[in-house]
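We begin with a single chain expressed as structure tokens, specifically the form predicted alone.
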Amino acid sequence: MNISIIGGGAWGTTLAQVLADNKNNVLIRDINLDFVNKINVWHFHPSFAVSIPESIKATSSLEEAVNYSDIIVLCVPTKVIRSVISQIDKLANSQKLYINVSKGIEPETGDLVSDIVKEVTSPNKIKGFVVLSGPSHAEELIFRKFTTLVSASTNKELAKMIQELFANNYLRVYTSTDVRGVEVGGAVKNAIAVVSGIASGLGLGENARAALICRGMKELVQIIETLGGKKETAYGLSGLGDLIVTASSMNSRNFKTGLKIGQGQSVVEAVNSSSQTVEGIRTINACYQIAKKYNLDLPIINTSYELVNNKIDLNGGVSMLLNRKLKPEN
């Protein structure tokens, strides 16, 4: 089967390897010509010093990638995803099945990627939408280390189709119909991971990290339910599972960004020092707006918003959380 991946960074090219291992033909589109050259000429992963199957091809042409396949894997930063989907829609010469693997919420609108696809895609050019998410570092999956994901769609048959497309002897894929729950979980965990990194950078210890992950989980559940997802999804792979791996690992770009902030770098310096997209800062801003809109009690999100937007300093952020009124746990 032919499959197009839009975005050839760490995650996009890693998923391309999974699909190639499963005997599919993959064309990656990326605007970085060095990435395209590494894939086509050297058959090397653009982000890791790892060779990839020669059957994986790359192009800088969006039109070529869009019309190579009727299956489009969206793997670009959420800050450009509205623009990219709009361009895809104009270039498409047939109906497309969108698979979203990007994890974020649009701060200006509070929209999820599924919302954006519905808003900017012509009804006669969309075959369906699936989100593929879960606890997964590209740094491990590229070496074919065991990983689990969730394929979610309101159409059970499409969810099952994508499950079978990606699953193999090192990648296990489950299905779900809770698209919103899976999308929100994958996004909000990035925000909590930044905060966890900040705490580690400040030297607050393992106890503090455990507390932030646990109480952050409570906030994640609130946001999922508020945006139409299911509570049980929050405690699955795309929620709790992804939160665990992202908020406690040096393979996590969001955790490492928070760590640098906690160690004294500015938010801009920390984000710019990452070679990969850091979605957590944008997600903090998006979640803060959601909390205001729906009157949610999200102390970790609210404090991190004040901090990353330079309204308080690091010590002020710690004080805001620790000096809150004492209350029952639940």
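On a predicted model such as this, the values are computed, not experimentally measured, just so you know. Numbers for residues come from their place in the sequence shown, where the first is 1.
Beyond what is shown, the protein has a form predicted together with a small molecule; the following relates to that form.
In short, of 32 to 40, 63 to 71, 257 to 265, 50 to 58 it is 32 to 40 that has heavy atoms within 4.5 Å of the small molecule in the predicted bound form. Shown without its partner, this chain lists E139, D89, E225, D115 as candidates; in the predicted bound form, only E139 has a non-hydrogen atom within 4.5 angstroms of the small molecule. Proximity of W11, R253 and T277 to the small molecule in the predicted bound form is complete: all three residues have a non-hydrogen atom within 4.5 angstroms. In the predicted bound form, the small molecule stays beyond 4.5 Å of every heavy atom belonging to I3. Residue contact with the small molecule in the predicted bound form: S153 places no heavy atom within 4.5 Å of it. Put simply, V130 is far from the small molecule in the predicted bound form: not one heavy atom of it is within 4.5 Å. Proximity of C75 to the small molecule in the predicted bound form: non-hydrogen atoms within 4.5 Å are present.
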